[in-house]
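Coming up is one lone chain in structure tokens, specifically the form predicted on its own.
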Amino acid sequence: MRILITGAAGFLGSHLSDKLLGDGHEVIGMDNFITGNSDNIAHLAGNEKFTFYKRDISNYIFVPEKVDAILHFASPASPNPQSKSGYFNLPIQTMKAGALGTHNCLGIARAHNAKFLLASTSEIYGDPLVHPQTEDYAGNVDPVGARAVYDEAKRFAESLTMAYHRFHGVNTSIVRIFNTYGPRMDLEDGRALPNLLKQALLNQPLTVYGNGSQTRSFCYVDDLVDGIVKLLYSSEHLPVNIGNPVEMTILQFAEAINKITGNPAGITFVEDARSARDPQQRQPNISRAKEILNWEPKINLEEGIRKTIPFFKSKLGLA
């Protein structure tokens, strides 16, 4: 197939490009580099099956080549308020990527009779009152809070995707992505893993907010990409959770990071001054992924962290 990937220079988009090229497909990558990094796709320069265009997909985009599938992964995704590339500091661009960008990509899918796959997020569940989260849970969300620029952009994108499927007959799929980590992720992302792993490799005490009872579930990027590609090849139209169902508290996670890295500096507890809307629990129910896609993650946390460490060391100048 010839596959268009938006956000191709991002963390997930670049890994998807590698996977699909490895499967023998042609890939057309698009990115405007607001959050993507050219380093992530530098190794693809000269690959005759990879074509790249610098584009802002919230503007009209024209794809002259016939495409068979579109994976829409372009969007700021970092929750770090201090990050210039995070959605707190790119609120309008984030909303445009979810709304106008999704609309433009669906238009291309309709014009080319192509498969469309939307990258959605576990954030659409908000601070969940149902645990673990199943795809039929509508969420506990705040449409006017600071996080809403990301959450509501993705919720709208899901609605628009289903409207194109039901009204225009476009072949669509929706993946709800849970916490993912691995090489090429932004060290300033603001999520728990890059924050803690960076501190551990610098032999600093790990910062844990509150008592560390908040929970997360961490999926290694190779597992996630495998699930997304299986969804792309499937005939499923309704949303599917892709993530690792092994849940742990942030305190347990910090202790594991220190053990794996051999960091002697321990843990520092600080007052939890974050938004009350920051989810306190996050765990995917992946029953549908198992049933429909025959997918479940294979890489455990220790193996995944060890695969990620060389990239972090390189970025920190420790390699």
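Residue indices: 1-based, along the sequence shown. Because the structure is a prediction, the values reported are computed rather than measured.
As for the form predicted together with uridine-5'-diphosphate (UDP), it is not shown, yet the points below apply to it.
> Any of the heavy atoms of A192 lying within 4.5 Å of uridine-5'-diphosphate (UDP) in the model of the complex?
Flag for A192 set to yes.
> Classify I41 as contacting or not contacting uridine-5'-diphosphate (UDP) in the model of the complex by the rule of any non-hydrogen atom within 4.5 angstroms, answering yes or no.
Result no; I41 lies far from uridine-5'-diphosphate (UDP) in the model of the complex.
> Contact with uridine-5'-diphosphate (UDP) in the model of the complex for R282, defined as at least one heavy atom pair within 4.5 Å: yes or no?
Yes, R282 lies within 4.5 Å of uridine-5'-diphosphate (UDP) in the model of the complex.
> Residue-level contact is defined here as any heavy atom of the residue lying within 4.5 Å of uridine-5'-diphosphate (UDP) in the model of the complex; does N179 satisfy this criterion?
Output for N179 is yes: heavy atoms within 4.5 Å of uridine-5'-diphosphate (UDP).
> Only one of I250, V63, L293, A69 gets a heavy atom within 4.5 Å of uridine-5'-diphosphate (UDP) in the model of the complex. Which one?
Comparing distances to uridine-5'-diphosphate (UDP) in the model of the complex, the residue within 4.5 Å is I250.
> Can you work out which of T134, N140, T207, N171 has a heavy atom no more than 4.5 Å from uridine-5'-diphosphate (UDP) in the model of the complex?
By the 4.5 Å criterion, the partner-contacting residue is T207.
> Of 90-98, 211-219, 225-233, 105-113, which is the one stretch near uridine-5'-diphosphate (UDP) in the model of the complex, taking non-hydrogen atoms within 4.5 angstroms as near?
One stretch meets the cut-off, namely 211-219.
> Using a 4.5 Å cut-off on heavy atoms, which residues of 124-153 contact uridine-5'-diphosphate (UDP) in the model of the complex?
Heavy-atom contacts to uridine-5'-diphosphate (UDP) in the model of the complex: only R147.
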